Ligand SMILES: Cc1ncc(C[n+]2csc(CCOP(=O)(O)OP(=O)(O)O)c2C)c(N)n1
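Heads up, the chain below is alone and in the form predicted alone; it's given as structure tokens.
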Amino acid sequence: MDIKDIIKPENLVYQKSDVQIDTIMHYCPGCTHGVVHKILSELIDEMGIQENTVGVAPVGCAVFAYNYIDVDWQEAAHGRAPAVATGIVRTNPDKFVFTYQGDGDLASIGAAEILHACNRGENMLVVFINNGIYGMTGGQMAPTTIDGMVTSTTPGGRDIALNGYPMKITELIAQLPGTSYVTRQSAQNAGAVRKCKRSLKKGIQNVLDKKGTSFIEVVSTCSSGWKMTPVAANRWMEENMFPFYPLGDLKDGSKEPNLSKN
């Protein structure tokens, strides 16, 4: 076989999805955002829903998703992505709508919006990137910062007596009747990426089937904010975050009747 035949697109083992915009990656080395962007791009392409998809991104590193995924986007104020997505879903019920949010956004200033949107069962997918800090603005403590975790505002580690308990927002979401599928995944190695992709695919399909809200947390790293190398950050996440934020499905109502009224 000639080398020209080997390098033909149809003969390559891996190809970048057409939904993934050919943008130079700006995220820090080891950042989980880029991996999740890739997975979402692949699924939107594979499921043939690019022209029918609307993403909503708020403030923080999550906002840059619109630079990498070629779908219609709406930017929202900090924490307000679920409220904006609600308006889009209700005026365009045949669209696939998803929000893409970080923990400083969703679990802090946006806590009311996400809880009420999920409780109403708005027919949308929520992708929740949890790295335990405010990544974009300097690595400050977030609601999801675990006990003892060092941040720029807790240099001695989070002190529960002073700062309160870290919030397991996904466990709260799983209790709400409007949620159809609630899971916690990661993306630090090939096996985790495959599991995360399966979960995201299920979440997307539930929205297409009008099952209500699907909520997918991805426990993530922030090498820059944590002041670690990517390898050390992955190891620290596995040893410290996974015990507090265990991976796996918290709720799977995929086979239950439609909970959404939209």
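One-based numbering along the sequence shown. All values reported here derive from a predicted model rather than from experimental measurement.
Keep in mind that the form predicted together with the named molecule is missing from the display, and what follows is about it.
Taking non-hydrogen atoms only, G110 never approaches the named molecule to within 4.5 angstroms in the predicted bound form. Proximity of Q175 to the named molecule in the predicted bound form: non-hydrogen atoms within 4.5 Å are absent; the residue sits far from the partner. At the 4.5 Å threshold, heavy atoms of I133 reach the named molecule in the predicted bound form. Using a 4.5 Å cutoff between non-hydrogen atoms, H78 counts as a contact of the named molecule in the predicted bound form. With the named molecule omitted here, the record of contacts in the predicted bound form names 58 to 66 of 58 to 66, 44 to 52, 233 to 241, 204 to 212, defined by a heavy atom within 4.5 Å.
The partner is absent here; in the predicted bound form, the one residue of S152, T137, Q74, N119 having a heavy atom within 4.5 Å of the named molecule is T137. Using a 4.5 Å cut-off on any heavy atom, the residues of 78 to 105 that reach the named molecule in the predicted bound form are, in sequence order, H78, G102, D103, G104, D105.
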